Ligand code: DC
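Below you will find one chain, with nothing else, as structure tokens; this is the form predicted on its own, and questions on how it binds or moves follow later.
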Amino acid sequence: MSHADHHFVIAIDGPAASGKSSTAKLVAERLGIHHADSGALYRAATLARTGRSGVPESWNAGSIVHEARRIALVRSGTSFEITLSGKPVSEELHEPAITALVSMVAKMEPVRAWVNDRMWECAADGPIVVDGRDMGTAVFPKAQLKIFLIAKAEERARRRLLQRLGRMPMEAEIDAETHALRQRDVKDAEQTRQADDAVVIDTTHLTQDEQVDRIVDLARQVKSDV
């Protein structure tokens, strides 16, 4: 494991669109500690590779890691802004083309190792909230608090569309997004693992504030005991 073990780590895992990143960011803000999003790094590595020649079917891990060297993490408040060749790329990370390819990229072990190294670097300076799909299992198995967020696929689809469209989605849109999320769940199954000692929170009927309150309360309880 890494040199960052001794710091207080809150690891939040869960399937796609379970609200990991947005919840983790708010938890970090409430606790006054930093937040690092592993999913954004996988997306950034995917984005970096799309800027070079070759169709996705020809990509290999070595070429992706090579292009990922242009990625930097810049502290911004309690978060880390991702830049590519010095340019902020937050908006580009969630383009449909990146979403379609990121699962393939995230399965490559050298890419996973590159992302894990960046996460350990983020955690090296102090307490942190990290989120992803294997933060509490493969990356920070000794995290003092592990959370696994779940929600019904239909609810995850509704939330994602509401964020993307800025309006209440229609039933047909929710159905299509639910199907896409279930397919994504299958692709990500190998990485989306629940740690044995994780606290499972079903957010299907919770507001985001309720999710954040619950995790912050757990964090304060656990931190007082460590």
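Bear in mind the structure is a predicted one, so any value in this text is a computation, not a measurement. The numbering used is simple: start at 1 and walk along the sequence shown.
Keep in mind the form predicted together with the ligand is missing from the figure; the text below concerns it.
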With the ligand left out of view, choose which of 159, 49, 184, 34 has a non-hydrogen atom within 4.5 angstroms of it in the predicted bound form. 184
Among 106, 147, 128, 143, which has at least one heavy atom within 4.5 Å of the ligand in the predicted bound form? 106
4.5 Å heavy atom contact, residue 188 to the ligand in the predicted bound form: yes
Is it the case that residue 102, even though its partner is missing from this view, gets within 4.5 Å of the ligand in the predicted bound form, heavy atoms only? yes
Taking heavy atoms and a 4.5 Å cut-off, does residue 56 contact the ligand in the predicted bound form? no
Answer yes if any heavy atom of residue 155 is within 4.5 Å of a heavy atom of the ligand in the predicted bound form; otherwise answer no. no
Stretch in contact, per heavy atom within 4.5 angstroms of the ligand in the predicted bound form, of 68-76, 128-136, 147-155, 81-89: 128-136
